[in-house]
Every structure is written in structure tokens, then in C-alpha cells.
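Quick heads-up: it's one chain on its own, the form predicted on its own, in C-alpha cells.
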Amino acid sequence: MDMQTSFLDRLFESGLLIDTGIDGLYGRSGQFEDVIAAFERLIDTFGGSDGAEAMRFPPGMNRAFFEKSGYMKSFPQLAGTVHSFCGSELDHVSLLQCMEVGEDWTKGQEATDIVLTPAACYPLYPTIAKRGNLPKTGGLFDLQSYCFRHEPSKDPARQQLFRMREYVCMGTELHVTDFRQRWMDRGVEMMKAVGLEVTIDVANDPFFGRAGKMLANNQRDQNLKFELLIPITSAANPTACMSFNYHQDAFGTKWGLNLEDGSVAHTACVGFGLERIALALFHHHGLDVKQWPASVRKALWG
């Protein structure tokens, strides 16, 4: 925790991150954003020629799609919903009185049809399902979105609102597992280009409750999730900066994603935690970008 807090304090003092008074909710400086923009260009260098269809969704998604996704079965502790005031003038007077005396003014709020996006790919599946059968070659999509996960922390690498860049592949089992392996190789190569030492290890998602332990074990046993790990605030517990996930035909079945021949599509995705990658670069190369190794600056800015 001390290492996490001291790194966070240094990021605040340098102005790279801006304190908002809420753990895991930070402003970013122009320099911080410049590093993220440069790394996204590096992602494009590696993945651009694959011909992915780019889509950009807002950080909120359709609540009905969120409910169908099953996210609340697995990760209720991370979800964020959007509530609004829907009352009368009298209710409004009551709300203002509560605020004035420091009481809870939110109890009359009602859930809207918008939920905060938990992962960049969640709005994609129903969008593609609406198009009908995928072509014989499957589908490849390039996404980027702010995402929300409710896990307040002093660890600057564990933010509540953060950006995720993703490539999602839909097709046959062989097609999507080849895609995942290709990006595992690329991930190591990319991080080497920017001077970061990494390891790749099998992983699991933070499933909730006792039933979640079984899901996590199954995920590990079947090698469905790998993470690219970089030490940021702890050498003993390095941070996942990329993830490589094979969903089998789970999303294909849930959303009705079928290939040209009518068979259920398999899906896989690669995710980049953009803030985490920027933090890894600042942690390893220093808070002054001008002092970074020439090879790293060349890889990012040419």
C-alpha cells in the first residue's frame, strides 16, 4: 500500500494525475494524454493492417443489453448504474431540504435505461447480432471506451473510470484462437519496443461469491484468459496491462452471433488498459518524458 500511495503522491505532485478527492477517479494532464495517444498509435502500427472495423461507443450502454449480458451474475460488486431524479415539485423541495441538512438526497433517485459500460466490447455483441449472419471470414472490430468498475483504491493502476482499447474477433474456434495467440506475441513485442519487461500468465476474472470461485477455476483450467503483467506498484504482484480472452461460443450463443453456414460464432478479444500502460511507462522510465530512453521515445513518437 505504501508503494502505491507514494507513486500516487508523486503522480499528483508532478501534475500527471489530478486529484478529485475520490480514490480511483482522476484527471489527467496533457502529457499523460500524449503518452496514451502515442501508445494507441503504436497499437495501430501493429494491428492496423488487419482491417478491423472501428467503432466507438460512449461510456454508457443500454441497460437491457447489460442485463442480458449476465454481468450482474458474475460481477455485481463492480457494476455502476445511472440514476436520475424523476419526482414531482414536492419531491424536489424534499430533496433540497435533505441536501441542506446533509441527509441522503439520493433515496428518491430512479434507475435510468443507461448503465456504465464495464468493458469496451459489451455494446458490440448486440450491435453485430442485429446485422444478421457474419460473413465466412468472420468479423474483426476495433473498440475504445471509458469503462467503469466500482473498486475504489489508492493504487493508481486500479482506477474506477479508465479507458480500454480492444480488438474483438468473431469466427470459428481456430480463427479466433489464432487471433488471440497472434496478439499475445504482438503484446510482448510492443512492450519490448517501449522498454517494459513483461510476463504472460494464465488468469481469471474477479467472479463474485462462492459460485464465482468455481467459475474462476474453470476459466484457469481451460486457459481461457491470459494477462500480460508489468510491475507498477509491486514487483510481487505485477499489474495486468493487457488481457487475452477466449469466450468459446458463450457470447455467440447468448447474442445469436452466427457464421454464414449458421454455426454459432466463437469470439475472442485482446484488451489494453491504456492508463495502466501509461503508468507502467512513467514508473519504469521516470515522470519526465524528455528523460525517457531514446529508443522508447522513438517507438512512441517516431
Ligand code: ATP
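Just count from 1 along the sequence shown to find any residue number. Just so it is clear, the model here is predicted, and its values are computed rather than measured.
One more form of this protein exists, namely the form predicted together with ligand ATP; it is left out here, but the text below deals with it.
Note to self: Heavy atoms within 4.5 Å of ligand ATP in the predicted bound form: which stretch in 107 to 115, 88 to 96, 127 to 135, 156 to 164 meets that?
What the structure shows: Contact-bearing stretch, as computed: 156 to 164.
Item checked: in the predicted bound form, the residue from Glu151, Asp185, Asp201, Glu103 that sits within 4.5 Å of ligand ATP by heavy atoms -> Of the listed residues, the single hit is Glu151.
Check: ligand ATP isn't shown here, but in the predicted bound form which of Cys241, Met61, Leu259, Ala268 has a heavy atom within 4.5 Å of it?
Finding: Flagged contact: Cys241.
Margin query: My question is simply whether Gly273 lines the interface with ligand ATP in the predicted bound form - judged by any non-hydrogen atom within 4.5 Å.
Written below: So Gly273 counts as contacting ligand ATP.
Note to self: I'd like to know if Lys225 sits close to ligand ATP in the predicted bound form, meaning any non-hydrogen atom pair within 4.5 angstroms.
What the structure shows: Residue-level check for Lys225: yes, a contact with ligand ATP.
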